[in-house]
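Only one chain is included here, represented as structure tokens and corresponding to the form predicted alone.
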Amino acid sequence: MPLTDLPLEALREFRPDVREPADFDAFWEKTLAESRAAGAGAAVLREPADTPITGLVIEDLTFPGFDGEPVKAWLTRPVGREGEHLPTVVEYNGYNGGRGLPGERVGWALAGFVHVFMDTRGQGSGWGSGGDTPDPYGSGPAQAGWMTRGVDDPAHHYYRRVYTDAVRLLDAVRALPEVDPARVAVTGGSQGGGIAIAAAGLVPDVWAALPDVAFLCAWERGLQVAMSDPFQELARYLAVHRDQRETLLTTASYLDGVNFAKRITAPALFSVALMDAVVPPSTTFAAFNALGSADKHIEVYPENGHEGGQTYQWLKQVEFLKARGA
């Protein structure tokens, strides 16, 4: 497969003019304040997971997300570390995947971390082992998928709810007795990487941000150059709704990872793949180059597609966190 975007030298300097609303911060402050108030009386529930695994502690976690609505996650941690405050990694999932079954993701816990894997509301039926969290909202006319659900107004958009879930999970995790609240990192691949960027931008004192082949960045650029879905959902929507381009791009500006990346000050380790036909590398580099972090790094996989670095990258992430106090 050939390179799918700009040469690496150009990518390292790529800084597109991404729209940023004047009320971006106020919009998100209001959103989070409303959801924190709505979920203030809701308990974070923990139940033992139904799994044959005995070498780790795996729990079914339910926490109040957007508007206080219940959202699921798996909490996996080492055995025999009770009474300690452990470094923690909160992970968000890729497009149309759910949290799956307990015990499917154990690497972080086996490496000595608390690992929390969030279910993505409404998703979980495209690959993997399913999801358990509904999204109890409809929308106006939309293209199949999630990119254009609620595209008429950022307050209605699907990703407003997902990003809020991501932040509310950080609120819940930091209060757990096993967790060191000063050492909570966020990660994820593709859509999960984009959610991690949003979470780190909205919670600037996270320990670290570790997004891989991050989607949901530089939406207008993705609309122009992406070869496949999910960005092409935007193009198909506009091919029908020809008069809605400005509305779509205005809504997208409240959700664009580049605008969240500007607000990230935590150490950051990104990754990108230059033969990625799903997430154009320039969209990920647009977020990376916009980072407010002084401590920022990006791993480049020249011959890989959207799978990115996989376990090679995970090993680099573990090393990155250990070098920063894990």
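Because the structure is a prediction, the values reported are computed rather than measured. All residue numbers refer to positions in the sequence shown, first residue = 1.
The next section is about a form of this same protein that is not shown, the form predicted in complex with another copy of the chain.
Visitor: For the spot marked by 124, 237 and 241, is every residue within 4.5 Å of another copy of the chain in the predicted bound form through some heavy atom?
Guide: Result yes, every residue of the spot touches another copy of the chain.
Visitor: Residue-level question: is residue 23 within 4.5 Å of another copy of the chain in the predicted bound form, judged on heavy atoms?
Guide: Although another copy of the chain is absent here, residue 23 would stay clear of it in the predicted bound form, with no heavy atoms inside 4.5 Å.
Visitor: Might residue 145 be said to contact another copy of the chain in the predicted bound form, defining contact as any heavy atom within 4.5 Å?
Guide: Contact check for residue 145: yes, within 4.5 Å of another copy of the chain in the predicted bound form.
Visitor: I'd like to check something about residue 156: if you look in the predicted bound form, is any of its heavy atoms closer than or equal to 4.5 Å to a heavy atom of another copy of the chain?
Guide: Answer no; every heavy atom of residue 156 is more than 4.5 Å from another copy of the chain in the predicted bound form.
Visitor: Can you work out whether residue 106 and another copy of the chain are in contact in the predicted bound form, taking contact to mean some heavy atom pair no more than 4.5 Å apart?
Guide: Yes, residue 106 sits close enough to another copy of the chain in the predicted bound form that at least one of its heavy atoms falls within 4.5 Å.
Visitor: So another copy of the chain isn't shown here. In the predicted bound form, which residue out of 131, 230, 87, 150 has a non-hydrogen atom within 4.5 Å of it?
Guide: Exactly one listed residue reaches within 4.5 Å, namely 131.
Visitor: Let me know the one among 172, 226, 114, 185 whose heavy atoms come within 4.5 Å of another copy of the chain in the predicted bound form, would you?
Guide: It is 226 that has a heavy atom within 4.5 Å of the partner.
Visitor: Quick one: which of 175 to 183, 162 to 170, 217 to 225, 196 to 204 gets within 4.5 Å of another copy of the chain in the predicted bound form, going by heavy atoms?
Guide: Comparing against another copy of the chain in the predicted bound form, the contact stretch is 217 to 225.
Visitor: So which residues in 253 to 277, when you check another copy of the chain in the predicted bound form, have a heavy atom no farther than 4.5 Å from it?
Guide: Just 275.
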